[in-house]
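What follows is one chain in structure tokens, specifically the form predicted alone.
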């Protein structure tokens, strides 16, 4: 028979494993959203404050496809949607995710063409304010559609779990890590392609890039399309149970994507792909582990202390490295 000490050690190990998996899963959501921020910033030098609204809109597109059986923004039925009352298979659900990302990318292209392209050459602060305007314009579409009832994402495995070494591991947490790995790999491969090199050239010097024949407007559009698709993937991932939205597109998605990813991109560096990945895992780990192992001090720290931890970590790192862990330091000649 196991002794009390062995049982306690087993319980502690299971708790640590559960906490680690949860941290990696939340970190995966942060990574996907942060990559969308970084891609737009690398190409345009503009911090996209509309990322949260765009992300939730992408999740709405997924709900329209899989649950409503429709086509986002178009008056047509979705021929691939599962029959009413039936759940989609995992491969078919994955196909719908890809379709939703395509619509999110198209949405990003439209926003860039209508609101961002006319601002090219204007001060960066003015362009950042425009992204805030996009956020305000898109938000009602998201929040009004979910005001009365959450919209189902049709996740095939719902809230099912596995048991591993005494720890309960939700399938959605594993799926989140897999999706983040796929998204990160795709972004890294993209930046090794000719178009990715052109985007890096535009980020370094727009005028020099134009002199070399690079279409800066096209680069801007692709950056916004990719950023929107990654943001949408992050929102869909966060919508899966047992994340708080519980398998739905709900109003809980918008605030977390709009505010809690900010420490990730600041910590990792606004223009760093590696920084977005490392920063996402670091911030989520600090948040989740603090919530788990400091819960006994709730009376002293307050019930919402874990949501403040990412900002504390960000401030501590910025004191040492003002440009972030992987960010490019700004050099000024004096």
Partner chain sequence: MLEIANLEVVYNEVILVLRGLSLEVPDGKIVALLGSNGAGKTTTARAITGLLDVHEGKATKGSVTWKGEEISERIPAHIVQAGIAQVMEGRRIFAELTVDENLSCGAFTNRSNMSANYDRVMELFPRLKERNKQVAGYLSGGEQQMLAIGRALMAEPELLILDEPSLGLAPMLIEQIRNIIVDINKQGVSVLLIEQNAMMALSIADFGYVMESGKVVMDGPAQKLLNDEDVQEFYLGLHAEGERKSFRDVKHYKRRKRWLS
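These numbers were taken from a predicted model, which means no experiment stands behind them. Numbering follows the first chain given and starts at 1.
Below, we turn to the form predicted in complex with its partner chain, even though it does not appear here.
Residue heavy atoms within 4.5 Å of its partner chain in the predicted complex occur in exactly one stretch of 191-199, 94-102, 228-236, 177-185, and that stretch is 191-199. Contact with its partner chain in the predicted complex, defined as a heavy atom within 4.5 Å, holds for exactly one of 214, 81, 262, 127, namely 214. Although the partner is absent here, residue 163 lies well away from its partner chain in the predicted complex, with no heavy atom inside 4.5 Å.
Heavy atoms of residue 88 never reach within 4.5 Å of its partner chain in the predicted complex, leaving it off the interface. Contact annotation: residue 209 falls within 4.5 Å of its partner chain in the predicted complex, judged by heavy atom distances.
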